[in-house]
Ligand code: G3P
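Only one chain is given next, in structure tokens, and it is the form predicted on its own.
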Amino acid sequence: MTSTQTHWPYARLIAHRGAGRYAPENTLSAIRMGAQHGFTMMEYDVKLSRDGVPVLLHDDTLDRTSNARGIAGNLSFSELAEIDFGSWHSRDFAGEPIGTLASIAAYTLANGIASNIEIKPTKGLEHETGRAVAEQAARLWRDAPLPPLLSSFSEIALQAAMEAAPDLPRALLLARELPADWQEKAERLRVKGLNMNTRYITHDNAVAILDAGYTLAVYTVNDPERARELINWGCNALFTDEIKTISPTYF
């Protein structure tokens, strides 16, 4: 579509929260299931426990994806380790422990799987989370052939990640329409690209982003026709929950 696209060294299809629809999202089981369906890149959300351990969790609270309640960031890792993060999904996954960035790194690196680590700070901990996640990712992937892509909706977290690990690639996540000052934000945060919501990305947006030399990944794409359209527009990658119908063999 364009002649100036930035190099994208990652997979075209990315399993969202691992196989987050068919296994408990953001767990090692979900990552493994995504890999079993041929995915070679995973997206997952990381925040901090009270004592600063990077753990996998999307929400600030434990309510939706565990058998506990309350703010996850108020608990130490040892407390989080006692919680069941699987039975909410199905009894087959009862007893699933909380994932850590370290455990996911071990599995993905051993199996040649790339990562998009979404920095998902508990409210008020944007800077601390961005710094801690980037520092640990830089250590864990120090000798990896392909570094993880760090992304976040939080510009504060991305700024902290840039300062802590400037060599790790970053992407700015956008929840809604492409803002008028998107390029200023991208330059200030020195990101590799943008990760945009499929509801708001347009063909003209895609052209503008790619022609400016940024990468473009789109979430969360669960309709095969929409997936084909976005790839035809030149988008570098798609995040999907539908690992069975939109698989790496689809394209």
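Here the structure is a predicted model, which means the values were calculated and not measured. Throughout, we count residues from 1 along the sequence that is shown.
Below: the form predicted together with the named molecule, not depicted.
Think of it this way: in the predicted bound form, the named molecule has a heavy atom of just one of Ala164, Leu101, Leu75, Leu173 within 4.5 Å, and the residue is Leu173. Heavy atoms within 4.5 Å of the named molecule in the predicted bound form are found in one stretch of 118-126, 88-96, 156-164, 133-141, which is 118-126. By the criterion of a heavy atom within 4.5 Å, Arg226 is excluded from the residues contacting the named molecule in the predicted bound form.
Taking non-hydrogen atoms only, His58 approaches the named molecule to within 4.5 angstroms in the predicted bound form. Contacts between stretch 10-27 and the named molecule, counted in the predicted bound form as any heavy atom lying within 4.5 Å, involve His16, Arg17, listed in sequence order.
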